[in-house]
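The structure tokens that follow cover one protein chain in two forms, given apart as structure 1 and structure 2.
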Structure 1
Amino acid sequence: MKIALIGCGNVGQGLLQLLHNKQAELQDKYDFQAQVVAASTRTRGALYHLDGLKLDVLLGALAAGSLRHYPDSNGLARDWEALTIAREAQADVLIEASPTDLQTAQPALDICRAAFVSGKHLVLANKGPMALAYHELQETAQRVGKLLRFEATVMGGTPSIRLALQALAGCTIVEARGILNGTTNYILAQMELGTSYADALEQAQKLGYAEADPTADVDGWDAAGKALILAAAVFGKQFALDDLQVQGIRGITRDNIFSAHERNETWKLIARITPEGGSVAPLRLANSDPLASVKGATNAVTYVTDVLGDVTLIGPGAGGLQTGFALLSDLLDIQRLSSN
């Protein structure tokens, strides 16, 4: 499988590490051989080689800070634009793992379109295209006869999409609700231990959970983007961000935390979606609720079904290696379906 990788941050590098470290296992168990022919970054260069890039050398160049550290060789092209790679790279699959834009989904959305036009399967970690143009991309994939996979867009490496669409097939899901942002869950958990909001946010930033500008996390927009994807995937509804009621956690105080604790309740930032609409807001959950026990940067989702009742999935919702695993699982799914 020839792969073009757009975005070599923590998630892209997590996938590269898995492909490198698990090479023999993937070949023995799944007859899967990956050849990364292109790697693109926004500020640290890009590489393309038809015969594939050496993964250990590629990871070393990224660790050194720039793809310019990757040595020259015959046939190696440098500094192709991401859109050029999507259009012209000879690859079976394009992976879009660049930073998310929930306002326009660009430039990732145009890259996705170009990948389909040029005959590539598409795998996404970038939430923007799926949140804003889910149905367009699904219809395009079907029209051109290519596969679209996006497990990494919700709950990192924990298979929330696959659970809803495959494992729960035959059930009617009437609601999805969950903890879809690990940063805010970590902050609220630290506040339960007596830490102030400001100090908990600073800790989250030091640990790499929160960005220097934490707005997308703490104001609920990251969770809202994931809720849009669940709405489209599970219910076939293409809502916009403006359709959701979105509130973050900035207003939660230690007094709020203590008051909930006295009543055997726990504050969580909960994204909720139904066929009629959705919301993101901090809620007080009874400690008996499975979501109330989810601590740290862990994510969770509860699907409310007609046959099984509530089904809750808990697992890692962030991390380069963990989200890189979601990309790998999608690649294996594409290989399985393509070979049938």
Structure 2
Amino acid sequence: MKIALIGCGNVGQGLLQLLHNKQAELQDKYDFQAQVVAASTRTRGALYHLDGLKLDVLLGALAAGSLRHYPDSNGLARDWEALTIAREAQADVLIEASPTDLQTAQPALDICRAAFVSGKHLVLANKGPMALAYHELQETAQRVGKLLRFEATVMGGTPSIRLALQALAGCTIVEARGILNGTTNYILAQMELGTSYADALEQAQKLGYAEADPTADVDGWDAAGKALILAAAVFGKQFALDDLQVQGIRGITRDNIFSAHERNETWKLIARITPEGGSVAPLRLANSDPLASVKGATNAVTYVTDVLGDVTLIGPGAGGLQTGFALLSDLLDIQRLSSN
């Protein structure tokens, strides 16, 4: 499988590490062989080689701060625009893992469109295109006969999309609610332990949980973007951010947290989506609620279903390697479906 990777931040590098470290296992277990033919960053250069880039060297160049550290070789092209890679790279799959823009979804949306037009399957970690143009991208995928996968966009490495669309097929899901942002859950849990809001946010940034602009996390927009994706995937509804009521965690003080604690309650940033609409807001949950005990950058979603009642999934919601895993799981899905 030839892969073009757009975006080599925490998530892109997480995928590259998994492809490198699990190369033998992936081949043995799944007959999966990946060649990363293109790697593109916004400010640290881009590389394209039809025979594939050397993953250890690529990771080393990224760790050293620039793809310019990747050595020249015959056939190596440098500094193609991401859009050029999407159009012209000879790749089976394009992965969009560049930073999310929930206002315009650009430049990622045009890159996704170009990937389909040039006959590539598409896998996203970038939430913008799925949150804002879910139905357009699904229709285009169908029209061009290519696969669209986006497990990494919601709950990092934890398979919330696959659970809803595949494992729960046959149930009607009437509501989804949960903790969809790792950064804010980490901050709230650290504040419970006595850390200040500012220090907890700095730690979340250092651990690679936060968005490039962490206001998207703390003001609730990242969770709202994921709620839009779930609304489209689970309920077939294309809501806009303006349709949701969104509130973040900036207003929550340590006093709020401690006084909730005294009443056996915990503050959590909860996203709730139904076919009618949705919201993101900090809520005081009774400690007996399964969502109250979800700590750190862990995420959780409860699907309320007609047949099974509540089905709750808990797992890592952020982090480079964890979210990189979701990209890998999508690549394996594409290999499985396209080789049948």
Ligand code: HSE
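Counting starts at 1 and follows the sequence of structure 1. Rigid core: the largest C-alpha set superposing within 1.5 Å between the two forms. Every value quoted in this text rests on a predicted model; they were computed, and no experiment measured them.
In this pair, structure 1 matches the form predicted on its own, whereas the other structure does not. Relative to the superposed rigid core, residue 89 undergoes a CA displacement smaller than 2 Å between the two structures.
Comparing the forms between the two structures on their rigid core, the Cα displacement of residue 72 stays under 2 Å. For residue 172, a C-alpha deviation below 2 angstroms is recorded between the two structures after rigid-core alignment. Note on residue 213: its Cα is shifted 4.8 Å between the two structures, core used for superposition.
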